[in-house]
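Take a look at this single chain, the form predicted on its own, given in C-alpha cells.
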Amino acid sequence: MTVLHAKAFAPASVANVAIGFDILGFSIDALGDTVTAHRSPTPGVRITAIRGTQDDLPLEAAKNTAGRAVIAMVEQLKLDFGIEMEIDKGIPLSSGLGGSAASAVAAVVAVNALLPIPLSKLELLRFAMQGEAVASGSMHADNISPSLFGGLVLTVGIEHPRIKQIPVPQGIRAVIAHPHMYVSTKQARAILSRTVNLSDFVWQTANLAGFISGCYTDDIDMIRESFQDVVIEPQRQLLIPGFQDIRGAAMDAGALGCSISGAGPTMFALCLEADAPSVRQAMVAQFGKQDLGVDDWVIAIRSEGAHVVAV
C-alpha cells in the first residue's frame, strides 16, 4: 500500500554532554519538533508551513534544515515523486536544545515512511546531517544522533558515522534549564580556539573515557569525577550570564556535574533522582538572579528517539 502522508516526531537533545564535544549527546523527550510529509506528483521539495515560532524560518527548502535533509534524500534516492512538508516547532530557537537537528530528523523519518522500502536509521542519519549543516555551518551529529536513535549516544566519524547507544545508570536524571535568551550556534562555534593544550587534551580524553566507563559499569563516583569539561566550557561560559553561580548552585545541591547544553544558553545537570528537585530549584533560582525566566524539565535519559506518530 502506498503511504501518502506521514507525521513524525523528533525529540530535543543535549549535545556535547560536557566532555564529548561534537560526538556525544542525549535526547529530551519532553519537547521536540514534528514534521508532516506528503507525497506530491510535482517533483522537488516544498515547505508549505512552519508553525510554533514567532521568528521567520526559511520556507525555501534549500535554506531550511528539514528541507535540505529531504532534498539530499530525494536526490540520492532518485525519488519519482515530490515532497511537501509542514513543520511544527516545539523547541525554542537558538536554545542549545537541538532544534535545527530535530527538524531535520523528523523530516527524514516522516519521508522514510512514504518510501516503498524504508531506510535504516543509520542511512537516515547521513541525510539529516546534511540538513544540520545549514544551521551550524558544519556537519556534526551530536544532536542528530540522539534525536534519531534516542538516549545517550556516541557518534564516531562523519563520512561513515558509527553509532553507539551508551547505557545510563537507572538512578540518574538530567535537569534541563533553558533561560529565555538566545545564543547563536555559529557565534558559539566562532569563539572557540582552534588549538588545545596537550595537558587539556589528555585531561579531556581521560574524562570522556571515565564517563563512558562509569556509564557501562554503573559507577556513579567515576561519572562524578569525570564530568568536567576543560576545553569548551571555559570558552563558552562567558555567553551565559551567571554561569559559575548556576553551576556552583547545582553542584552544591547534589549534582554529579553541570554544564552547557550544546552551544547554550540552556544548561543541564546530571544528578541522582533523589537530588533532582533540589538541583532544579537551585539552577532556576540562580537564573532568576540574572533576571532570566526559565523553562525547566527533569528527565530520565531513556528514549525511543524519533518515530512516526501518524500515517
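Treat the numbers as computed from the prediction; the structure is a model and nothing was measured. The numbering used is simple: start at 1 and walk along the sequence shown.
Note that the form predicted together with a small molecule isn't included here; everything after this is about it.
- Contact check at 4.5 Å (heavy atoms) against the small molecule in the predicted bound form: all three of 15, 132 and 189 pass.
- Remark: of stretches 275-283, 241-249, 29-37, 258-266, the one touching the small molecule in the predicted bound form is 258-266 (heavy atom within 4.5 Å).
- Contact check for residue 95: every heavy atom lies farther than 4.5 Å from the small molecule in the predicted bound form.
- Contact check for residue 297: every heavy atom lies farther than 4.5 Å from the small molecule in the predicted bound form.
- Proximity of residue 185 to the small molecule in the predicted bound form: non-hydrogen atoms within 4.5 Å are present.
- Interface residue remark: residue 140 is counted as part of the site for the small molecule in the predicted bound form, having a heavy atom within 4.5 Å.
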